[in-house]
Every structure is written in structure tokens, then in C-alpha cells.
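One chain is shown next in C-alpha cells, namely the form predicted on its own.
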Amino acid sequence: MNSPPSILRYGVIGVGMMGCEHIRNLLAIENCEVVAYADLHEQSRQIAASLVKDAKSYVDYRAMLTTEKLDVVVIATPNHTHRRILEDVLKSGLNVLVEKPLCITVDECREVIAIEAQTRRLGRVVWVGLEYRFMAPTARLISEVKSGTCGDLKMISIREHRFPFLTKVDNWNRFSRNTGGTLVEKCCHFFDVMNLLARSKPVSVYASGAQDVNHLDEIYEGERSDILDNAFVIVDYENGVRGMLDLSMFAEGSKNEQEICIVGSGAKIEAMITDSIIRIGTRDGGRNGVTEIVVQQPQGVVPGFHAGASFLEHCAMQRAIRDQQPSEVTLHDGLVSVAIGQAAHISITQHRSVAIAELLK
């Protein structure tokens, strides 16, 4: 098995908002460099060029893969392109980080998993960009649950009350056929966190949701945007844990964009994501015994769009590559987070509870 190079050479496919975010993070990490990037969109390439002037620019990512000497590829293209691009990158044998969601359907995720197995090489790291688990409050909450602070975990409640979807190139994210649907595109992050907290397999999903406020008057080539802007999703786990997601994308007037609350047999723990606060209240201590803790990312972390989570994600992936260890955020993690989101969309459409086994046959 070959040893990893001292300096990791990166190529970035897709240099829109998140692709450039990855570039900014990588520029702040030692012993790695962005040597090339590829994007069909000229303005996106121009923005990337302003960030990393010495990197080679490509229109076709396949030319980048065959021409450049790379160690790691970051895929940050529209969701519906992940399946095709991942096949080419996996066949190249390179380490790869693919932005969430892994793909837009369970079937596509399973195809990617099969391709990875066919092309696997010893020491290659394949990482899914579910970076919310690296946010300081979320990471602390996960740690507290693992250490037994809450006792026997029973309930998980995640609330995201935020602004509408951002504008993307050609507004590709206005249609569910491109994104996988809001509960795949936006909420796979939270289903991943929910899975980490539950430490069990999801069994069934029931959801209610709609497009009530946002993008109702947006028409593209005669077709109206169809993405949901609010939903409730309930997930039952094999071990009896129950999870709930409360999503509203027309709630700009929120102090904390994201809140996670877990309740166990011994305590309740809350994570206020924007304020970066953890609250721990034991049953014995009651209302007056709640402890409030301010949590912060380690010094030197680049804050970025996700409060330093993307920076820490890259650092963790680079450790895995250098130490020749497996990925912390696997293709299976990506698959299950997509499966819950897809099941939720089926539940909304068909007005019924959906067994995860229907999708993960």
C-alpha cells in the first residue's frame, strides 16, 4: 500500500456557492492545495479563479480527472449530477468528498455504493459531506448522549426555522426532480444527526408537508417551482427511539435557526445552534437546575457558512487519508439519510406511514 503524499492535491468539481466554500476552507489548511477546478458555468469559474489564482480551470471535469495529478476530488455540483460524476471519480481511484445529499434517490445511492465496491482500492477514502455533525453544539450534544448524560435516550426533536432556499445557478434547486425534494436536499443533514443520536436503524417514517409560501410565483420555462417549504417528519427507530423534524423555510424571524432537543430517562439536553449554547437539565434538578454551556469550535477553525463544520470535516477527512483509516461519514450514512427524506416525501404524497424497508430492500 502506497503512503499518502505529504501535500494533498485537490480538484474541485462544481465551484458555485459550496464549491467555493470548500476552496476557502482548503486554502486555510496546511499541507494541501487546490490545483484544479471544473465547472460548466463561466461566472462560477471566474469567482473560483479569484480565490485560487494558480489553479487550472476546466469546463469539463473529465478532462481535469485525466490531465491533472490529483489526490482528492471534491464534488459540489447540483444534486442530480452526483450519480454520474461519482461513477467517473470512483473509477479514477481518487479519494473523494461528495456534498450532501449523496444522490437524489435511494436507488442512485445504492448504485454508487456498488460502483465503489467494484473500484475499491486499499486506503481510498470516500466521504459524504454531512457536515452538521461537526458543528460545535451538535458535536457536543452527540458526545453527551454517548457518555450517558441523558440516561436512556427516548426522544429527539430537531427544529429548523430559517430563510427560503438560496438562489443557485439557473435556479436548479427550485425543482424536486433536481434536488430529490426538500426533505432530501435540505434535511438529510438532520436525519444524519438523528441517526447518530438514536444509534439505531430507522424503521418507519410519517410526514406532513407542503409548499405554502415560498416560490409560488416562480415560473421557469412554463413550469412552476414545486419544492416544499415546510414539513413535520416523524421517524421511529428499531430501538424504540422516536425522532421528529420540524421544518419551516419562511421563518426568518428566528433567533436560533436550528435547535436540537433530546430527552432521556435522566435528563433533557438542548443545542441552540446559532447561539452555540448547550443546556442540560436533569430530572432531579428540575427547572432551577438547568446548566447552560457556551460551546465553541477549536481556535483557528475557519467559520465559513456552517460555523466551522466544513473546515473540521476536511481536517477529519485528511487525517483519515494520511492515517489510511476508513471514512467517518460513509456512503451508507449518506444512503440512510436520503432514505428517510425520500420516505418522508412518499408519506406526504400518499398520506401514509412508510416503512424504510420499502426503500432499502
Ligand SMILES: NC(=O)c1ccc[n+]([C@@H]2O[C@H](COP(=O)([O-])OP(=O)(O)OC[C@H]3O[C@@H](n4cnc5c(N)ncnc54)[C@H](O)[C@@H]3O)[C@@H](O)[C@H]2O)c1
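Numbers for residues come from their place in the sequence shown, where the first is 1. These numbers were taken from a predicted model, which means no experiment stands behind them.
Unshown form predicted in complex with this ligand; subsequent notes refer to it.
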Query raised in the report: When this ligand is placed as it is in the predicted complex, which of 81 to 89, 265 to 273, 191 to 199, 233 to 241 ends up with heavy atoms within 4.5 Å of it?
Result: 81 to 89
Requested in this report: Would you check whether this ligand, in the predicted complex, lies within 4.5 angstroms of a non-hydrogen atom from each of Gly11, Val72 and Glu111?
Outcome: no
Query raised in the report: Is there any non-hydrogen atom of Ile346 lying within 4.5 Å of this ligand in the predicted complex?
Result: no
Query raised in the report: Within a 4.5 Å heavy atom cut-off, is Ala76 in contact with this ligand in the predicted complex?
Result: yes
Query raised in the report: Heavy atoms within 4.5 Å of this ligand in the predicted complex: does Met18 have any?
Result: yes
Requested in this report: Using a 4.5 Å heavy atom cut-off, state whether Tyr206 contacts this ligand in the predicted complex.
Outcome: no
Query raised in the report: Ok, Glu160, Glu144, Glu116, Glu99: which has a heavy atom sitting within 4.5 Å of this ligand in the predicted complex?
Result: Glu99
Query raised in the report: Only one of Lys154, Lys168, Arg283, Arg279 has a non-hydrogen atom within 4.5 angstroms of this ligand in the predicted complex; which is it?
Result: Lys168
Requested in this report: Scan 125 to 164 and write down, in order along the chain, each residue with a heavy atom lying within 4.5 Å of this ligand in the predicted complex.
Outcome: Gly129, Glu131, Tyr132
